[in-house]
Structures are given as structure tokens and as C-alpha cells.
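This document starts with one chain, in the form predicted on its own, laid out as C-alpha cells.
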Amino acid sequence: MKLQKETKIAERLHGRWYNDACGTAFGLELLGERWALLIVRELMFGPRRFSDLRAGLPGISAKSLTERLDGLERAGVVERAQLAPPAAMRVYRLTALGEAAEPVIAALGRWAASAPGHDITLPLSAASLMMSLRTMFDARAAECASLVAAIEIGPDSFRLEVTDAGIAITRGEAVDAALRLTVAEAPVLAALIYGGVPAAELEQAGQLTIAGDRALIAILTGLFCLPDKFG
């Protein structure tokens, strides 16, 4: 009786129900709606306004974003918050349950990147690229590496730190950065890190601005590796 009651509660909270006790089925119920998982991805680096989420997901309509956020709220994955002054704005942020989805997103991303047809030249958001760097970080290549870099992608700023403990990427200004990379769009940085496009070439094209210790660029770009393709 208890299990039946819990199922009815979940069905009422989360909409369509697979009628399957498998955790994967319930995970799809929580995050399987179109755009839902990408909204969670955009929120992985901190709270975002509705307009910020639309900017990071240009293909989503305001109506769809509202519906997905409402569903994620009811599922306990996302919550609304009011930032303290001077910002004093309403934002959406992940709950503890939402933050715990990061390994799922990372594993899915790594798996999909190994599939034929994955195109790294397609548009991607700043948060998407930062999530990719967390996912594709090669700890073996970083054994002797130590650096702090500031990455600015359009209006978004991130602090990237590599230590013996691994990689940490947080949203915000990196005042202690030894290297600063500034681009207008995330694909430019993806071309540098994953595509092997020389930094000098991107600079010459006016797509990349570099400040600080340029020798760290070679170290930074050597820390990330896409998986081999199947087939």
C-alpha cells in the first residue's frame, strides 16, 4: 500500500509516469522533458535570471522555459530565490537534488561525445563549455600542473583552478589569475582547447584576447581530451 501511495504522489508531482520502479525511469520523469537537463546544466555554476537562461538556451521559447522551470520546481530540482542587495533580483537556482545531477550530465556528455556525429563546432553556451571542461579534464595530464586562469565569455566570467586535487571552475571574477582569456563566444575557446586552433591565429582574427603568462596556454590546452569515437 505504501508503494502505491508513493507512486501516486510522484505521478501527481511530475506529470507523465512510466509505471516503472527503475531509477532510470524516474530520472527521466524528473529530467527527461525537452530542455530540462540543459536548464539544469545552465544552473550548475550558480543562480541565473530567467533572461540569463534564455540567453544560454537561445533555441527555447519563453513559454517552454516557463513550463520547464515550473516542472523542475515541482520536482524539487530547481527553486526560486531572491538575491541580497545590491543585486536584489529574482533568480532560479538548483536545490541539493539538482546539484547532485552533475555526474549524470557529465557521464551523458562524455558518452555522447564519443558517438559518431557529435559536432564540436555547433553553438554552445558558456556554462556548457565550462561543464565540458569539468567533464573532459584529464587528471593524469594535470599531475604536475598548477594554475589559475580567468575565462571571460561575453558577459560571463569564470575562475578555473587546477591543483593536485583536480579542477575547480566557479562563476565570478578571478583576481588571482595568472592567465586571462577573453572571447565573445564559447565556440572560440572550444576551438582553442579541443580543435587545436593556435592561440595566435585566434588573436590575429580578433576572436581571442590573452593577458598574463602566455606559457600557461599550452599547459591549459593540454589538460582536456575528448574521448575516442566509436565505430
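Since the structure is predicted, the reported quantities are computational estimates derived from the model, not experimental observations. All residue numbers are counted from 1 along the displayed sequence.
What comes next is about the form predicted together with another copy of the chain, which does not appear here.
Only one segment in the set 31-39, 164-172, 46-54, 201-209 has any non-hydrogen atom within 4.5 angstroms of another copy of the chain in the predicted bound form, and it is 31-39. Under a 4.5 angstroms non-hydrogen atom cutoff, another copy of the chain in the predicted bound form has Ala115 among its neighbouring residues. Another copy of the chain in the predicted bound form is not approached by Ala81, whose heavy atoms all lie more than 4.5 angstroms from it. Contact between Gly154 and another copy of the chain in the predicted bound form is not found at the 4.5 Å heavy atom cutoff. None of the heavy atoms of Asp213 is located within 4.5 Å of another copy of the chain in the predicted bound form. For the candidate set Leu124, Ala142, Val91, Leu147, a heavy atom within 4.5 Å of another copy of the chain in the predicted bound form is found for exactly one residue, namely Leu124. Residues of 100-134 placing a heavy atom within 4.5 Å of another copy of the chain in the predicted bound form, in sequence order: Ala100, Ala101, Pro103, Val104, Ile105, Ala107, Leu108, Gly109, Trp111, Ala112, Ser114, Ala115, Pro116, Gly117, His118, Asp119, Ile120, Thr121, Leu122, Pro123, Leu124, Ser128.
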